[in-house]
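Just one chain is shown here, as structure tokens, and it is the form predicted on its own.
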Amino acid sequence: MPRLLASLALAAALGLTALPAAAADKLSVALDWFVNPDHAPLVVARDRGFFAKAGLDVDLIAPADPAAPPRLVAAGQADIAISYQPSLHMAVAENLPLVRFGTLVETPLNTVIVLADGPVKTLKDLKGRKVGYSVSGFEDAELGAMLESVGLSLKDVELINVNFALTAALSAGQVDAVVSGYRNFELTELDLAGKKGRAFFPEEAGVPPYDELIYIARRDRAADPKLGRFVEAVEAATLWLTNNPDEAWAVFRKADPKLDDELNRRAFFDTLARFAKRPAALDATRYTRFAAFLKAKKLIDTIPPLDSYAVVPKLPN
């Protein structure tokens, strides 16, 4: 017993006593929608241990209301939200204290979709047709710019609110086209229902390119080192899933039994090329150009300084 006590005393003197592992820093992430293939880097970062390696315990939260995440972050009820670049510009115009600190999906996913065997072969063919939409605002501006690129305007179409039943409304013939159907989801959903779709891409028809999905936080947390660690972990996960797509799909589908079906499998692989491989990188020209587009469409009144709403996070050394 004296020998044991002497050994413990020596270990303590040398600083060799076992210490409890440092607790991981918790971060809550409010998603833009229920978990789906657009969130693959986050699911992989969580379930393959990339977040844990960065000392983070990340909780992915599906919102009851898809419009709520930015306001939850602004109110301090979530640390991070997944949002959309167009929505960020408009939220900042409403004086919400938000800042973009990373990119999840670096290209638009929105499209205008029609049935391939229907009467609409070009955007010009939309004249006099019914177009379904989910949420007014940016969708109107986006569709309007696309129509203007072929000499039409919103007055040349009939807009019909179909809520979020885009594919169902198009398949049933309730509308001739839908706006804001995702190229990596609704097109596949149509195909699995036995119908072929045709997509028109906004970035090819008068709408400046933009980041579809971004990471946002409160402005007063822009310098929080946890955000840099978060983005670094997401980057590592994104590169891993890009290099190992089949293994990544196996990880992703295990996250929830509802994800393991043909629609999500195809959407997963269709989305891989869209993920930002440098999520911390900020394209200043893209943001200022898109802000000018929104101002021209009267969705925002002024263009604030870029650094007031978009930053590059400080990454760990």
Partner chain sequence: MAVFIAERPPAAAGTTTEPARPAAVPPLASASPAAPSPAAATRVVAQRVATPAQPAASRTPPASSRRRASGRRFVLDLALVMVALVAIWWSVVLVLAPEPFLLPGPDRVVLALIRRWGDLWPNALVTLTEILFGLVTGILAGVATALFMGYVPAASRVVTPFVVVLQSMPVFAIAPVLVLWFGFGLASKIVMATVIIFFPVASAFHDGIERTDPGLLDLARLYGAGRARTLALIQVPAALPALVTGLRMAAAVAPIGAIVGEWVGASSGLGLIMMHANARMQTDVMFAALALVVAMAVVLRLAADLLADRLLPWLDETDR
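Numbering follows the first chain given and starts at 1. Since the structure is predicted, the reported quantities are computational estimates derived from the model, not experimental observations.
Keep in mind that the form predicted together with its partner chain is missing from the display, and what follows is about it.
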Task: in the predicted bound form, the residue from 153, 243, 136, 122 that sits within 4.5 Å of its partner chain by heavy atoms - done: 136
Task: Answer option from 115, 239, 192, 90, heavy atom within 4.5 Å of its partner chain in the predicted bound form - done: 90
TODO: Kindly confirm or deny that 97, 163 and 299 each have some heavy atom within 4.5 angstroms of its partner chain in the predicted bound form.
DONE: yes
TODO: Determine which one of 284-292, 61-69, 268-276, 33-41 lies within 4.5 Å of its partner chain in the predicted bound form, judging by heavy atom distances; exactly one does.
DONE: 61-69
Open item on the list: in the predicted bound form, is there a heavy atom of its partner chain that lies within 4.5 Å of any heavy atom of residue 218, even though the partner is absent here?
Closed with: yes
Open item on the list: Taking its partner chain as it sits in the predicted bound form, is residue 174 in contact with it (heavy atom to heavy atom, 4.5 Å or less)?
Closed with: yes
Open item on the list: Is it the case that residue 159, even though its partner is missing from this view, gets within 4.5 Å of its partner chain in the predicted bound form, heavy atoms only?
Closed with: yes
- [ ] Could you confirm whether residue 199 comes within 4.5 Å of its partner chain in the predicted bound form, counting heavy atoms only?
- [x] no
